[in-house]
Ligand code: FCB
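A single chain, nothing else alongside it, follows as structure tokens in the form predicted on its own.
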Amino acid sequence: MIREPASFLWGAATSAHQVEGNNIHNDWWQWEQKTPGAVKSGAADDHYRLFREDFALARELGHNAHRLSLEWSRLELKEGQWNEGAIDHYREVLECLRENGLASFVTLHHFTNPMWLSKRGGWENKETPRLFARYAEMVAEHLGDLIDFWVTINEPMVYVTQSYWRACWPPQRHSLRATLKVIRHMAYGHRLAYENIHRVKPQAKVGIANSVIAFSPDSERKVGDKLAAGLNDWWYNHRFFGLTKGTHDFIGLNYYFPRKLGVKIMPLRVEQMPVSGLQSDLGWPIKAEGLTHILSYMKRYRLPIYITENGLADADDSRRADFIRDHLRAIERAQEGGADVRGYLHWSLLDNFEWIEGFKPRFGLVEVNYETMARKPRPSAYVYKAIIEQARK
């Protein structure tokens, strides 16, 4: 049984560009338009217009928390020019969450940048941390009274890896120098934003949502395999926390899959090795015990932990119910080991635009018909509801 079920937060997550639709002023939108073969997000889920319907569904499904993101490019159309209409809109959104009894986890940066910022070099520009902190301060002043938990940056290591190392996301720059610079700038931006938010709202709860992978060696007997797993764990799971020490009121974790690593000779390289068992529609291995493993290490930070994303692409909904059950049991085992886990937010409430994967992956507890925008809860959504109701008894 989940510990302290009466105060535990249960819900799901979304992000602005993936569900709102028509975020025409950010770098992802512009990249979609000009990149051959890129899927266009278009109207996405039309959540910008249908948020009331979506939050009512979340309430009906037993949720008491919801994670969303604000679209920076809507709020600051041009540098230093705040959009009163967008501020008013997001105020309505956050008020609607309150009306539906949903605690809010609000993300300030979820992979997208305003075009005006992108033209200045995005996170490579040394001024961006200051500009991001100014944006955070504006949100605190205008919307802070309606925000329960602040997530400054979503998955910084994923953003940096995909955009500046693998170069498959905008700005598609493959550069070790840029990778390291952006990591430093994002860490500095988080620290400045943390200070600004707390200056406006001293009691604010501020953190990040960090993507974590359960790394393991292909062979416990091989020193190289163990070293590869350990170094990847340090770099991917802990490096950003190390750069931002002392500026977290909670730990936000996004967990999806484990990764097994092996070192090969001739030529010397580290390879991802196959993981046995079930996989998601995207080929991601499903191993709930990896979450227990991660949480056993994350308790070192001695902070409350919230699972800010956990889910799978499962179009026929054949694996999602067991996935949720198994990962909640993994959380229970971690709690028994001393991990202070206080909430679980499934990814995602809705099917949505999954970045370069487009609309094919179906992560939603709620199925979305992209032709009509009709919403239909999947059977797994009701299994999750029953788990929540049982836990509260």
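Note that residue numbering begins at 1 and tracks the sequence as displayed. Remember, predicted model here, so these are calculated numbers, not experimental data.
Below, we turn to the form predicted in complex with the ligand, even though it does not appear here.
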query	finding
Option touching the ligand, based on a heavy atom within 4.5 Å in the model of the complex, out of Glu354, Asp340, Glu32, Asp46	Glu354
One residue of Trp165, Tyr256, Phe215, Phe250 in contact with the ligand, assessed in the model of the complex (non-hydrogen atom, 4.5 angstroms)	Tyr256
Among 292-300, 71-79, 151-159, 226-234, the region lying within 4.5 Å of the ligand in the model of the complex by heavy atom distance	151-159
4.5 angstroms heavy atom contact with the ligand in the model of the complex for Trp284	yes
is_contact(Tyr90, the ligand) in the model of the complex, heavy atom dist at most 4.5 Å	no
His190: touches the ligand in the model of the complex, heavy atom cutoff 4.5 angstroms	no
In the model of the complex, Phe132 touching the ligand (heavy atom, 4.5 Å)	no
Sequence-ordered residues of 80-115 touching the ligand in the model of the complex, heavy atom within 4.5 Å	His110, Phe111
